[in-house]
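Presented as C-alpha cells, the chain that follows is alone, the form predicted on its own.
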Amino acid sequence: MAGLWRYILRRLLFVIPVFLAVTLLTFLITNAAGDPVQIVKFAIRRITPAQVAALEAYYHTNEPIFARYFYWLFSFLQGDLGTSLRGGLVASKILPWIGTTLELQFLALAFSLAIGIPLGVYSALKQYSKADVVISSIAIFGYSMPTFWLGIQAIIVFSLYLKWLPFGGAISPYPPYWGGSIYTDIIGHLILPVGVLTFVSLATFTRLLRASIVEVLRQDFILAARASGLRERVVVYKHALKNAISPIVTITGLSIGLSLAGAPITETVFSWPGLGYAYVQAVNALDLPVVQDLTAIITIVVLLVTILTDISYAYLDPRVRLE
C-alpha cells in the first residue's frame, strides 16, 4: 500500500507541470485572439465607461499577461470559473454540458466493450477463418473512417432518406416526440451518435484484443492449462483473457480522456448539447473564459484517467509493479 501511495504521489508531481503548461499555453493563445473587454464592447456596443472600468478590473487587463494567468489560475483552483462573455456564470453552464457529454461517451464506451471483447476473443479463436476475415475487415473499415464522415453519412441515410431516426440535439424542442413520448425521443436522439461512436471504438477494441489473445494463446501456461484438462472456455476467459486484457485497459482509459478531447467533432456533427459542442460555440464567439475553463477541465480529466489506468495495471497484470 505504501508503494501505491508513493506511485500516486510521483504521478501527481508529474501531471502538475503538464497541467500548468497546457493551461498557460491555452491562456496565451486565447488572449492573443483579443482583449475580453474589447470583445464585450463589440458585442454590446452601448456600454458605459463605468461598465468598461468594471470589466477591466474583473479581467485585470491592466496587468501583464502572466499576472493575469495566475489570477485566472487561482480563481479556477478555488472553483471560481468566472463569467462568460455571453453572460452567466461559467460554472452553472459547464455541469449540464459535462452531464450530456458523459451520457453520450460512456454509453458508446460501454457498448464498445460489451461487443468488442467477445468479438475480439471469437476472432482470435477462429483465426484466419471467414468469420475472422469479416470481423477484421469491418474493424479496419471502422478504424479508418473519420468519425465526422460516418456521422454525416448516418444522418443522411437514417434521418434524411429513411426518416427512421431524429437528429440534432438531445431531445426534440417540441412535440410530436419521436416514438410518441419524451423518453423514446431521448433514446431516439441517442441512437445515431452512440451508434457511430460505438462503431469507431469497436474497431480498436476488437483488433487490439484479437492480436493480444492470439499472442497469449501461444504461451506455455496456456498449453499447460489445456493439458491439465481445463475446459476451453475456462482456459480462454479465465486465463488467456486476463493476461491479454491490459492493452484494452490502456485504450479504455485513453478513450475516456480522448472522448472529451474529441467531443467537439462528434457533438458538432449531431448538434449534441455537450462539452464539445459548447467548446466550438465558445471558440466561434471568442468566449475566452469558457474556452480556458473547458480546456483546463479536459486536461485534468485526461491526466487523472491516465493515472488510474496505470494503477489498474498492477491489479490486472502481476508482472507490473508500482515501485
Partner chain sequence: METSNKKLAKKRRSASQLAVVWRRFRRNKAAIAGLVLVGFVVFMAVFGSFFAPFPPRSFPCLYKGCTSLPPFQDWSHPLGTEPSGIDVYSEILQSARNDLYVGLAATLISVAIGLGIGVASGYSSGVSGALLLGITQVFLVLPVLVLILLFSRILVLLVAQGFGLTIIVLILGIFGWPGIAYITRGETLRLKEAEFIQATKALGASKSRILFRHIMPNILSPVIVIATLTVAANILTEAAISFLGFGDPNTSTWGQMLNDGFSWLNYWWISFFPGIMIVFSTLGFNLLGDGLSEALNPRLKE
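Numbering follows the first chain given and starts at 1. Quick caveat: nothing in here was measured; it's all calculated off a predicted structure.
The following text describes the form predicted together with its partner chain, which does not appear among the structures shown.
Novice: Quick check on this chain: which one of F158, Y143, F111, F76 has a heavy atom within 4.5 Å of its partner chain in the predicted bound form?
Specialist: The residue from F158, Y143, F111, F76 that makes the contact is Y143.
Novice: By the heavy atom within 4.5 Å rule, which residue out of K242, K130, R233, R218 makes contact with its partner chain in the predicted bound form?
Specialist: Residue within 4.5 Å of the partner: R218.
Novice: Is H189 close to its partner chain in the predicted bound form, meaning a heavy atom pair under 4.5 Å apart or at it?
Specialist: Contact with its partner chain, no.
Novice: Any chance Y279 has a heavy atom within 4.5 Å of its partner chain in the predicted bound form?
Specialist: Contact check for Y279: yes, within 4.5 Å of its partner chain in the predicted bound form.
Novice: Give a yes or no for I29: in the predicted bound form, does one of its heavy atoms lie within 4.5 Å of a heavy atom belonging to its partner chain?
Specialist: Yes, contact at 4.5 Å.
Novice: Evaluate T295 for contact with its partner chain in the predicted bound form, applying a 4.5 angstroms cut-off between non-hydrogen atoms, and reply yes or no.
Specialist: Contact check for T295: yes, within 4.5 Å of its partner chain in the predicted bound form.
Novice: What residues of 285 to 312, in sequence order, lie within 4.5 Å of its partner chain in the predicted bound form by heavy atom?
Specialist: In sequence order, L286, V291, T295, I298, T299, V302, L303, T306 come within 4.5 Å of the partner.
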